[in-house]
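Have a look below at one chain only, the form predicted on its own, in structure tokens format.
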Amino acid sequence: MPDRYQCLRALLGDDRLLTAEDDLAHYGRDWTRQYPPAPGAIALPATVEEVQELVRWARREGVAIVPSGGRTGLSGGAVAMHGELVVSFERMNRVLDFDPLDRTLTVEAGVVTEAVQQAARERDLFYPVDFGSRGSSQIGGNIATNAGGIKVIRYGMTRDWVAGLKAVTGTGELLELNRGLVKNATGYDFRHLLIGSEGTLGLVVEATLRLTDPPPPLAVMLLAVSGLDALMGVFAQAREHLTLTAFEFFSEAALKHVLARGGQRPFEGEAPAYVLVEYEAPDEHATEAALAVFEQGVESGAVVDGVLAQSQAQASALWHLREGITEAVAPRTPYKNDVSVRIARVASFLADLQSLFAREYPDFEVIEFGHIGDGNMHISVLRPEAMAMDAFTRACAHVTGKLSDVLARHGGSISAEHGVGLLKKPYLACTRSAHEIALMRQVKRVFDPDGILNPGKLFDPEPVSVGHDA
């Protein structure tokens, strides 16, 4: 039987075309762990030209491509289950250029997010997109999902920091988008179309990222809150008096899972919820303002306790209580929801959410946390140890359908920052109209006429013809 991948072996060599079972399992999945990986092969290109050749080969052979970055996604967007060719960008990991006048950094798609942050610091600048997976996620994946994270309240999403892109379409053509321009009023900005498209329109191979001034010294305060209904009142006070860079919340249940892995409880007693407030603190006036927020919260009954970090070590310890949640609950193979509503609707949405979960999840442990200051909540439903994974997933999917109805009533989104992938695909219509989804399909056909780029993500693929010359 002829080797289907003979041409790719000639292009990449045996060390960059992987077919061993361990490699297929490793590169064929992301953090969802709900879908069995079954790719056909793993390609590790090192140049843009190699990526183009891989796409042209896939088009000729009728083979689907799944792009792979750090595989830290939580919606199944990087899962390969049907013999696809996984294209991993980990070998394309160079910083290509720095322009001090434009204050831009040009990198290949496989550069790790934390490496971009470090490269900016080395040049006395700042790349503000930040999240817990910074040490393993890659820029190409950040762009493909329009990653958000902990500093959106101050600095926005990934798309706000992309000055230019290079991407390979489903026909193997290379697009160079915006070229780092600040102003460019020449029609459609395909750069923003590709950002957040989850690899369904093109494979991001290079990005020019904007950098900014480093923030002034930051301070961290953790507040114990009397209940979820008090969260947004505390937020309003904090936003009025402080220059916020993060406003995160987590439940007592979430805190217990983190503390079970080590660490000290920040307060003597328990509270229903906690908010971690990070803010710019260039002088003593910021500390006075933070103490005023705490005192006003206590007087109103919204805040029951608080602690202000007195050192960087203490600040890091407080941040760990929030950032350690995902890792702490991972052994329970959680079913994850990542939802958002307008800030003005958070309080009423939370009330409806609690009613829904009390009714539909009476026997499941539900962990709530997230970026409440920008309207984004993460919900992890923990699988009972004795419950089979498929039965657990079906039960959670049933409730997610009801959750999507609640979100629709509040004008929210079923995916705030993790993308749609496979996991959220059944609920896309709660956020997008039928006409919008039809237009999305048409756009995909233009960029990817044969439907080979990450098929089955966002929406189910339409029938396509294969075997095109390229």
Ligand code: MLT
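Everything numeric in this text was worked out from a predicted model, so none of it was measured. All residue numbers are counted from 1 along the displayed sequence.
As for the form predicted together with the ligand, it is not shown, yet the points below apply to it.
Is there a heavy atom of residue 74 lying 4.5 Å or less from a heavy atom of the ligand in the predicted complex?
-> Contact with the ligand, yes.
May I ask you to state whether residue 88 is within 4.5 Å of the ligand in the predicted complex, using heavy atom distances?
-> No, residue 88 is distant from the partner.
With a 4.5 Å heavy atom cut-off, would you call residue 383 a contact of the ligand in the predicted complex?
-> Looking in the predicted complex, residue contacts with the ligand do not include residue 383, since no heavy atom lies within 4.5 Å.
4.5 angstroms heavy atom contact with the ligand in the predicted complex for residue 50 | Residue 50: no, not in contact with the ligand in the predicted complex.
Sole residue of 134, 191, 257, 378 within 4.5 Å of the ligand in the predicted complex, by heavy atom = When the ligand is considered in the predicted complex, the option within 4.5 Å is 378.
Of the options 326, 200, 245, 169, which one has a non-hydrogen atom that comes within 4.5 Å of the ligand in the predicted complex?
-> When the ligand is considered in the predicted complex, the option within 4.5 Å is 326.
Contact stretch among 369-377, 160-168, 98-106, 288-296 - heavy atom within 4.5 Å of the ligand in the predicted complex | The contacting stretch is 369-377.
Heavy atoms within 4.5 Å of the ligand in the predicted complex is the criterion; list the residues of 415-441 that meet it.
-> Sequence-ordered list: 417, 418.
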